[in-house]
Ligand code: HEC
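A single chain, nothing else alongside it, follows as structure tokens in the form predicted on its own.
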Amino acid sequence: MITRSRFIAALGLAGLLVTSVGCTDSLNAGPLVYVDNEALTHELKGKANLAGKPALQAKVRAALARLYGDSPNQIRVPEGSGFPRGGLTLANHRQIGEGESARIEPIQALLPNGSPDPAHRQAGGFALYRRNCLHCHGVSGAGDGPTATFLFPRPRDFRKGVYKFTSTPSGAKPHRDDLTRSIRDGLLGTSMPAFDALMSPSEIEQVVDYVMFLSMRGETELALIEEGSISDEKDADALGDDIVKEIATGVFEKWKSAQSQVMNPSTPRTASDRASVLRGRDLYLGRTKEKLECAGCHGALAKGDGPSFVPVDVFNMVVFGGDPSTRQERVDALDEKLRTLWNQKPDDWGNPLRPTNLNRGVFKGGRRPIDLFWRIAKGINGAQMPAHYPTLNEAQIWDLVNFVLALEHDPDLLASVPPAPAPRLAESGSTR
């Protein structure tokens, strides 16, 4: 695989243009093509689309090829995208020069001191992604790999650029360390495994870059579709170069700005003593002036069975009770009340949500105190777990963290007290 770029690369490559790449390699054998976002060619209810606009569809495809390359085997690194080493982490070969004078050379892995190691070729983010990730997340990162249908929750669709478990403000792109943790440690309670034993730290970082690349490409595609949906198919200036550049730059800037937006608490964690745990319990039960409604989703005993969601047994029947392809039929067979509850609680990818059973001590985004602090403070992107900062101050959030971590070892914390009143459905939130 080869990378293309329209900018001059650094790291000893000053003056050399990093351009197209393609190679014969066992990790990259076989034809691969990007799959169009469904909205490019199909009518989607309530969503922007370019159905019936072939000229604008062609412009979107051409713009994506100019920015990101024609195929996964020939990557173009967009100018201003901000990838480390000018995007060399994405591939294992690069083309230097243009035309007849162009030459292709392998990209060397880096030694611990950051200098190239002439004895070892870099695998590249795409090759590693293809070997370890593509079967679930798909060629274009759409979460549509060949095993995706059989997994719950479904693999993440990277093209939206939305990631649930982040350390950055609500709605912001993730810090690359967030993606590194997810790949290195996996997501507990899901089919996303930990790759710490399968890839080196350097290889994981290469995959992080490729996931970011797929997200940027997918976000650009969606933004172009949205722009095209309000454009005239016959307008020769629609989706012109200036518009494409503006859209792509906006995508890149969101990713780059997120790298300096980590929400590190200014207040140290409160000691996890009995007093802090009980203060956290009062917050959970809605007994403080903030009137939190945690029990509406997580339940009076924090078992993930709050009244805002369908009962756990119904959820399990629908999700795990038969062929995944007939899941919607099982939803349609529910009574009206259950169907209403089910349909009002999907995540941003259309998947059903189930609040976490806090008694189990299994947290998809990690069980470190800081991981739980982030979940409570900033919520979960794409899900219905709301942000509680600044409604709660940092000390209160630490009390809630201490309470949640204590539940696994002391489930009687909630069994001995009456539950808070059930919340109104429209105001409830949830955790994934």
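It should be emphasised that the depicted structure is a prediction, and the values quoted were computed from it without experimental measurement. Start at 1 with the first residue shown and count on from there.
The form predicted in complex with this ligand is left out here; the points below concern that form.
- The closest heavy atom approach of Q57 to this ligand in the model of the complex falls outside 4.5 Å.
- This ligand is not drawn, but in the model of the complex it has a heavy atom within 4.5 Å of F165.
- For L50, no non-hydrogen atom is located within 4.5 Å of this ligand in the model of the complex, even though that partner is not displayed.
- Although the partner is absent here, G86 sits far enough away that none of its heavy atoms falls within 4.5 Å of this ligand in the model of the complex.
- Shown here without its partner, the chain carries P193, F363 and M385, all of which come within 4.5 Å of this ligand in the model of the complex through at least one heavy atom.
- Comment: 296 to 304 is the region of 72 to 80, 296 to 304, 264 to 272, 94 to 102 lying near this ligand in the model of the complex, near meaning a non-hydrogen atom within 4.5 Å.
- Out of the listed residues V310, L239, L358, A127, L358 is the one that sits within 4.5 Å of this ligand in the model of the complex by at least one heavy atom.
- Exactly one listed residue, out of R281, R156, R217, H175, brings a non-hydrogen atom to within 4.5 Å of this ligand in the model of the complex: R156.
- Annotation for 178 to 207: interface residues with this ligand in the model of the complex are L179, S182, I183, L187, T190, S191, M192, P193, F195, M199, V207 [heavy atom within 4.5 Å].
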